[in-house]
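Only one chain comes next, encoded as structure tokens, the form predicted alone.
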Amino acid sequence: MKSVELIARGSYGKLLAFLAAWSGDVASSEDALAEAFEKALAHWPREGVPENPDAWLIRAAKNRLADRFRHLKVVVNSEIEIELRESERRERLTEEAWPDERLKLLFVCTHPAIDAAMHTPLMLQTVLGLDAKTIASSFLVSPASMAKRLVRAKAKIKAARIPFEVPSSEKLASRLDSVLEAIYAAYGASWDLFRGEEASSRDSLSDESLYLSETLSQLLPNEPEALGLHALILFCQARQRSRRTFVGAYIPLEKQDPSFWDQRMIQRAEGMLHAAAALKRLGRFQLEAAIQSAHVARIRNGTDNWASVVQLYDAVVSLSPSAGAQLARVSAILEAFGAATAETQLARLESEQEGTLRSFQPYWAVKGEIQARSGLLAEAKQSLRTAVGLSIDPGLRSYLLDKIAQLS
């Protein structure tokens, strides 16, 4: 039933966060919510979609959790007992009856008791609803292995009795970076969802990431990196409609039409970036947002500011030398200083990474562009064909194939 699918995509994280905070058991809450969706699939086609479908699902899931608690005889907290009776007594819940607990769940997922390598995957699944297969593809592990790790992480939350709360200010700093990284990873994952049938999933995930970054920036107005992340996602989200044609073809930044950009969102991003800068504690997400601001200014005004973009990427790489950031830096060097300098930088990166880039699609795309501008057309076509083979996005594959055809 389409309405159940749409609600699952749009509300899963919010519903699960509330249930997990209420019960203290992420895994059981996931099971109960899954059963609530199954129940909706059985009842809604006959009875119609309820006026407040999220509240209907919450009530069904809480009843299932209540049954499980009683069966296991683990309900010892009087407040939970009262809430169980109250949830049964009410025929309907209003949306105001259950708060949005996603931010608390973010900090639960990044608790020091949980393996740091699982912070982002756990958040992607529990808060944003991605399945283990999708998460595994981003972390270069098998879906089965990722599923096992996620199960262990959720069991750790229950066993360690990790509280569902935003940590105190003295503990916040040590966990904030993990939360920011997880939100940004979720936003990046939203652009791996590209096909038409997954458009609503993609939009829901990007909107959720934007919401979480905004909530965090409001909660922590004196944390410049929280403001920087929100500015970064605002800049990217403002160009959402200009990234693709109506048929889904990829449009590179240089060819996007600024009239499709959300100007108010860009203004909010600039204001957020300036507020972060005023706090005088520079960090990675502020730099990433500054790069997006520079791109916006270049395309709006027709100015050549690539040398400034390279300097910003130098700073990003010094703080967070990920393969993606380093390849973006090489791409900016290509625009600022030409193919010969970019080729030298790419060769150095290849030596440092010791072959790990060969399965990374952006590496082949950047390499092919450098070779093309160096006049090595046969090599460029081969690199771009490899990039095509590593691309799962039909629109991006089509764009790269067009570039190969132009080289011919």
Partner chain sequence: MSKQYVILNYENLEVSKRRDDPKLAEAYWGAWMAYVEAINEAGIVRGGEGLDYPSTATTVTLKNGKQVVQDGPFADTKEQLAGFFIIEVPNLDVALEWAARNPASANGKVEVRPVLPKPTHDS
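Predicted model only: the values in this text are computed from it and were never measured. Residue numbers count along the first chain shown, from 1.
One more form of this protein should be noted, the form predicted in complex with its partner chain, which is absent from this view; the next part is about it.
S.K.: To verify the annotation, which of these, 263, 142, 305, 320, has a non-hydrogen atom within 4.5 Å of its partner chain in the model of the complex?
M.R.: Of the listed residues, the single hit is 142.
S.K.: Taking the shortest heavy atom distance, is residue 351 within 4.5 Å of its partner chain in the model of the complex?
M.R.: It does not: once its partner chain is placed as it appears in the model of the complex, residue 351 has no heavy atom within 4.5 Å of it.
S.K.: Residue-level question: is residue 46 within 4.5 Å of its partner chain in the model of the complex, judged on heavy atoms?
M.R.: Residue 46: no, not in contact with its partner chain in the model of the complex.
S.K.: With the partner left out here, check for me: in the model of the complex, does some heavy atom of residue 391 sit within 4.5 Å of its partner chain?
M.R.: Yes.
S.K.: Using 4.5 Å between non-hydrogen atoms, is residue 149 touching its partner chain in the model of the complex?
M.R.: Yes - in the model of the complex, heavy atoms of residue 149 and its partner chain come within 4.5 Å of each other.
S.K.: Can you pick the stretch from 52 to 60, 38 to 46, 378 to 386, 24 to 32 whose heavy atoms fall within 4.5 Å of its partner chain in the model of the complex?
M.R.: Stretch 378 to 386 is the one.
S.K.: Would you check whether its partner chain, in the model of the complex, lies within 4.5 angstroms of a non-hydrogen atom from each of 359, 397 and 401?
M.R.: Yes, the whole candidate spot contacts its partner chain.
S.K.: Are residue 148 and residue 358 closer or farther apart at their Cα atoms in the model of the complex than shown, with the shift being 3 Å or more?
M.R.: It is farther: the C-alpha separation of residue 148 and residue 358 rises by at least 3 Å in the model of the complex.
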